[in-house]
Structure formats: structure tokens, C-alpha cells
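To begin, one chain is listed below as C-alpha cells, in the form predicted alone.
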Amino acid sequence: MERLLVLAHTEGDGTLGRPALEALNAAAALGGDLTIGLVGEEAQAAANQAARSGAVRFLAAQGPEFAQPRYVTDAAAAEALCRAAQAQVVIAPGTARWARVLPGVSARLDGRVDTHVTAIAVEAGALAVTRWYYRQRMEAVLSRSRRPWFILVDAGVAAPWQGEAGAARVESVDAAIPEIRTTVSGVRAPRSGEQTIRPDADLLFVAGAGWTKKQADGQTHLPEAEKLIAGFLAATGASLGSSKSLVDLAGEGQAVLSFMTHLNQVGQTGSTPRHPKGLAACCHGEEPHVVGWRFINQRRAINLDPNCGWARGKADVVYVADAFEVIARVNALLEERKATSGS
């Protein structure tokens, strides 16, 4: 088997996040000589976390300059780790941090890169990857002869590596960093309780533009819609998605939800999440939106139109009902259950 390098960046607490552990598990299943390359302010805790993963070496580009995502430092660190490991195949989680850096690193090393990989396997003695093309409409299995080969694995396609921590021996690698012209002045985060994108949630709740339309009384009810959806998210811990039409309204200053952004968009021009269950409300089930539900295992929808796209084979269950009334009733039931259980 070829020399494998798993590239991972540490989280704020110095450990490995779920995407990194998923990429590690995918690489460990291939066998062969496995090296783990770490980038962060301090890498020992992350190395200890993966000490019993079967890796034969732990390399690290560490220091305060690697604490924050920055192209110049991350690219220098990744290049140095790849050269130190003499890696033929580099596997990394498809995080925003690596996705913007590794294509450039592959060019520096005269290699090749594939992003949004959903599976890695050895077929007929050769390494092969699976990925989607044309907005997740076509699936392809491909292999490459050019090395090094950089493979960015999508989050959620592999189980995270799980094992006991140990004591790993970390080899520090010096990265030649050119002039740093970008500084991180601070971090902006949602106020407590307003985080709506939850990749690990069991349920994805997608809101459509129907929440902004005139209701049965001929009036719009935007404040009520925001309160109902926010209450549902708080009670269920669901992740919030949106149709393109709704986030476009948000961009025009007509947001139903004060915390709705284009990051919530699901579909052909948005994200393709992988939650076990999905519930769409006030969406019509158009193809550009539904394509983002390809990996949702169980799909349900609430819509007053019995002939909407969801009812044409795109959802497992369609509730022909008023979403305002349904979500209000569900929130009330959840509140009653919470009061009864005392939790």
C-alpha cells in the first residue's frame, strides 16, 4: 500500500474535530503506512487523541502562527508536512480551511487533487475514490496515477474514528512561512442560542418562502413565523435549512428569521446535508431544492398544495396542512412533554 498522510488541523481546544476523525477513519481502513500531520498552535493533545489509530508517525507544524486559518501559513504547513512524510496519498477532511488551501499545495508539489470525495477504497489493487458531479446527479468512481494525490473527504460520509487516547511521540516540522500580511482581529459568532447550522443534528428542518406569503386571513405573519420556527429549533435541536428563494429574500432585507443566511441554503446551489431525517415546511419541492436532500434518509414535507413537487415522489410523507398550525401544535406538544418529564 502507498504511503498515506492524514492532514488535520486542531480545533480551538487543541483536539481533533469530527471531520478530522472521519477522514482518519477512512484512511486507517485502507491499511499501509499511515502518518498523521497536524497543524495548530499546539498538537500534542490531538496526537494523543489519535495515538492508537495505527499511525506510525505523528508530524506537526505547530506554533501561534498556525492557530488561526490563514492561507499563507496553512499552505506552508501542509507543504512542509507532505514533504516530511514523503506522502504519495494525502487524505484530509473537506473543511473550509483545507478546501481553500490544498488545491494550491497540490500545484506546488506537482500533484493532483479531488474534492468532495464520498468514499475511498482499494479496487483491484488500486486506490479509487467516489464523488458526485453535476450537482450530485451523477456518481463516478475514479483513480489517478499522478502522485501526490490529495483527497478531500466530505463530512458525514464516514464514521468518526473512535479509540482510547494514548501518548504519541510528535515530530515537529519547520514550515518556511513567507511574509504574513493577514491578521485575525477577532471572531464574530451568533449570540448564544442562535446557532442554527448543526451538522450532527438528527433532524434537518427546511423553511421555504411560503412562510413570508399572505396567509388565510390575507395578511403576512413574519414575526409569528420567526417565533414558531425558532421555538421548533430550540425544542428539537434540529438544524435549520432554507430554500434559495427564502435566503434571497433575506438578502433583500425581508428576512423571516433574523439568523437566516445563505449558509443555511440547501439545494443545487447550496449545501447537501446528511441528516437521518428531514422535514420541509412551505417549500414546494422543486428539483433545484430537492437535490440537496439526496442523502437525507427519511424525507417529509408540510404543504397546503397536494400537487406540489414533494407529493410527486420526492418525499416519503407529505402532510397537506397549514405549516403555521402544524408547527404551533408540535411546539405545544413538545412543551407539554418537557413539562411532564421535568427536563
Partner chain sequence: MSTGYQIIVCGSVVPDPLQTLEPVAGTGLPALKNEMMLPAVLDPWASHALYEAAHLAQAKPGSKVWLVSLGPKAKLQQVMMTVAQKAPFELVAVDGPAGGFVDAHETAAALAGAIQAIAGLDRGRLLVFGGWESASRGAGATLQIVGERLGIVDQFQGVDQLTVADDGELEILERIEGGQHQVSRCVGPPALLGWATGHLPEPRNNPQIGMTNMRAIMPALQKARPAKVAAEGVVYHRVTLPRQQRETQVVKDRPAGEIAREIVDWIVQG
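This is a predicted model, so every value here is computed, not measured. Residue numbers count along the first chain shown, from 1.
Another form exists, predicted in complex with the partner chain; not displayed. Remarks below refer to it.
Taken together, the three residues Ala96, Ser106 and Ala128 all lie with some non-hydrogen atom within 4.5 angstroms of the partner chain in the predicted complex.
Not displayed here, the partner chain is kept clear of Arg18 by more than 4.5 Å at the level of heavy atoms in the predicted complex. Taking the partner from elsewhere, Lys227 is found to have every heavy atom lying beyond 4.5 Å of the partner chain in the predicted complex.
In the predicted complex, Asp316 approaches the partner chain with a heavy atom inside 4.5 Å. The partner chain in the predicted complex comes within 4.5 Å of a heavy atom belonging to Arg188. For the residues Ser258, Ser143, Thr220, Gln86, the 4.5 Å heavy atom test against the partner chain in the predicted complex is passed only by Ser143. Think of it this way: in the predicted complex, the partner chain has a heavy atom of just one of Gln215, Gln268, Ser245, Thr118 within 4.5 Å, and the residue is Gln268. Just one listed stretch, out of 55 to 63, 299 to 307, 41 to 49, 23 to 31, contacts the partner chain in the predicted complex at the 4.5 Å heavy atom level, and that stretch is 299 to 307.
Of all the residues from 327 to 341, those having a non-hydrogen atom no more than 4.5 Å from the partner chain in the predicted complex are Arg329, Val330, Leu333, Leu334, Arg337.
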